[in-house]
Every structure is written in C-alpha cells, then in structure tokens.
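Considered here are two forms of the same protein chain, supplied as structure tokens in two stand-alone entries, structure 1 and structure 2.
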Structure 1
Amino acid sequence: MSNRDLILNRIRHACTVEYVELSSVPFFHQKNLDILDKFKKVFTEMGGEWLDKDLKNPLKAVNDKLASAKNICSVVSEVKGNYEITSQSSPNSLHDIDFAVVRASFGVAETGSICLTEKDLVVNTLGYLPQHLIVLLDPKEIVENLHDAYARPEWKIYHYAALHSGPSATADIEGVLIRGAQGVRSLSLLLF
C-alpha cells in the first residue's frame, strides 16, 4: 500500500461521522462604516505610508518619492521607471531595484491590506526584493473585510497572490519594531 493510501486509510478509520455540509460563513458587514477611512487608518497603523493625491498633479507624491532614486522599476503605465523587467526576468535579478511601482488588484479596509497577484507583480519577487514598494490602488477596489477579500475571483485565477499589510517588519528582538526585516523597507500607497 502506498503512503498516501496508508495515511488516508488510517484517517478514514478514525473518522466515522456522516458527511454534513458546513453552513456558510456570514460576511459580518458593519453598518455605517466608512470603508475608505477605515482602510486609510489601518493601512497607516500597519506601517504603510499614505500618499496624498495632489489635485492638479495626482501622481506628484509618487514622483517626489522617486526623484532621487536610482533604480526604479515601474510596471504601471502611469509612472515611468528606468529599470525594465519582463515576465521572463530572473527572480533574483531584481535585487538592485530601489523602488518598485505596482498596481494592486484590491484593498481590504479591515486590515489595511492590498492584494498583489503574480500579474500585478510581473515577477513575484518584485514585491519583496526591491528596497521600497509604491502601490497604486483604485479606491473603487477596496472591500470591507477579509470575508469580502476571499470572495474575490483572484484566488481562483492566479497561482500566486499575497495580501501586503504594511512593509516587511519584525519585532523578534526585545519586541522592538523594525521595518524592512527581509523584504521591502517601506510600502507607500496612492489611491489612483
């Protein structure tokens, strides 16, 4: 007998209950919640940097951040970079990027998270190897909570997707918060 069948047989032997369908999980939506306000609040609490939109020049805050940066890799049409990647780029070649600019598929107000899929990132390591990450997000794509988030289609379409909630962080030494533990040192966001 294969390991697989051995393990499954042991489990079947241990479980004798008839199958009953689980009832579905409620969405727990809150009444009168200002989703955008909540998103901004939690995103900031998680260590994200909120970029304010300039009325005349919406991308000014992004461009200001990039002004003195050396290697800028933008995979969004709205922002121009100087570091080109394609889906064929080797994942570890992205290590010398200072700033990456991407567009998130959606945001989650409850946890201040943004969802970056493999499509958003072009190369998955773009979300982690650069020193800093700038994210554009369509405010219409912010859902209220994680129940909404996991009801989204992305999880069934892509092979990889991650919720980012602030930058890479650790408090492993004496509980002191350090940003930029392994991945990006900062995560900035512009609603655009």
Structure 2
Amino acid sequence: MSNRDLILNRIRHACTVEYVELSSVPFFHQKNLDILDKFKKVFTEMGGEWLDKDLKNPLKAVNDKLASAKNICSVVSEVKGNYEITSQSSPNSLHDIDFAVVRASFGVAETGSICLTEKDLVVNTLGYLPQHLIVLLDPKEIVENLHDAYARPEWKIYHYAALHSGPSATADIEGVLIRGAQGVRSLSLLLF
C-alpha cells in the first residue's frame, strides 16, 4: 500500500459518521400575545403601510392604490394587472413596473416581516425592482417569531425565499432616512 493510500484510509476511518441527537431549541413563545396586533405594530414601525379591508369590497384599498398606476404586475388571481410575467421572463424586464401585487407565504409577528419565495414572486426581481409592492397575506399564516418562521417548509422546498421587513430604506450619519434606496419605495399589506 502506498503512503497516499495509507493516509487516505486513515482519514476515511477517522471521518466515520456518528449519529448525534440534535439539541432541542425552545420556540420562546410569549403567553397571551395577540400575534395579529404584534405583527401590525411591528410591520408599521418598519415603514410598511397597513391596508384596512372594506367589508363590502375587501380589495378596495388595493384597487384605490392601483387606480392611477401605469404599469401593474399582479401575480395573484384576485387583482388584475396589465403586465404579465412567467417564470421565463427576464429579471430586468420588471424595471418599469409601478406596482407589483404578490401573495406572501407567511408573516412573522416578531419582526413585522413577510416571506416571499420564488413561487410567490414568479421572477425574484418582482420583490425589488417595482416602485411599490402590495402584498396579500392570509392572517392564519402569521407566526409568532423567527423560531417558528425557520421551522416552516418554505426554506427547504424552494431555492429562493427572503424575509422583507418594510420598504427599502437607508440612513446616513446625519440620520436622514431615504426610502426606496435599493428596492421598493413602499410596501403595503392587506390581510386577505
């Protein structure tokens, strides 16, 4: 046996897989927490705009925002857009979209975030290139904290998933806040 084979065999022997039980991490749930109130509070603190649902016309707030928009890309069946995309659309083809309308996979109350996957966006740049983003979210899909969020299957079944916490923003040393610096200028949310 050559020295090379001897060394490689020793390495292989030393690298045998040993089953180790993973430690259990608690979810740190808070007692008597109203998840929806917490989500709404943090979402608005992060610069998001909360859209209230009209009982007679649940999508009235969304339609009002879209009324004067020129280019609307909607990937949800509930809202009609005038710019169609498919998974084969070029990512940079969305550069002139005024409003994008998507449905989030879930929300996180602790951070006021929404999760957008490749399935939700169809083309990943739909979450970043439009001027404004309107998100529909099923209120039953809001989890309490990041521990709950990372236990969800979206992180394992999709190639792309990202948490969005409000519109894009940046601030310089003097504390001047600029929205839309690297992404959408506004992020509005309707529980629907």
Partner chain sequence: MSVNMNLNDDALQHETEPKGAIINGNKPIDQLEAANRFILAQAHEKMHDNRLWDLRKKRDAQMHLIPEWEELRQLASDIKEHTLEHLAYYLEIFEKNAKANGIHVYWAIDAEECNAIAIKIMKDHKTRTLVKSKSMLGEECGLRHAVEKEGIIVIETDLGERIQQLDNEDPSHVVVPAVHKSRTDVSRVFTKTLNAQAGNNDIHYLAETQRETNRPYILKAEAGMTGGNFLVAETGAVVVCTNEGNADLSANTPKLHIVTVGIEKVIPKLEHLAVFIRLLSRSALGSPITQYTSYFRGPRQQGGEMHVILVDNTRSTRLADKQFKAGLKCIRCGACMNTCPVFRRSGGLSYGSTYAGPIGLILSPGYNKHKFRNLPFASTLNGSCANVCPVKINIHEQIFTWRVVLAEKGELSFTKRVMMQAAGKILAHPSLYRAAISNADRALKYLPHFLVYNNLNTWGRQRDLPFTPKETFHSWYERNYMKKGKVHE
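Here the rigid core means the biggest group of C-alpha atoms that line up within 1.5 Å when the two forms are laid on top of each other. By convention here, residues take numbers in order along the sequence of structure 1, the first being 1. All of these numbers come straight from a predicted model, not from anything done at the bench.
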ask   = Which of the two structures shown, 1 or 2, corresponds to the form predicted alone?
value = 2
request  = Quick one: how many Å does the C-alpha of V20 shift between structure 1 and structure 2 once the rigid core is superposed?
outcome  = 6.8
ask   = Taking the rigid core as the frame, how far in Å does the Cα of L8 move between structure 1 and structure 2?
value = 13.6
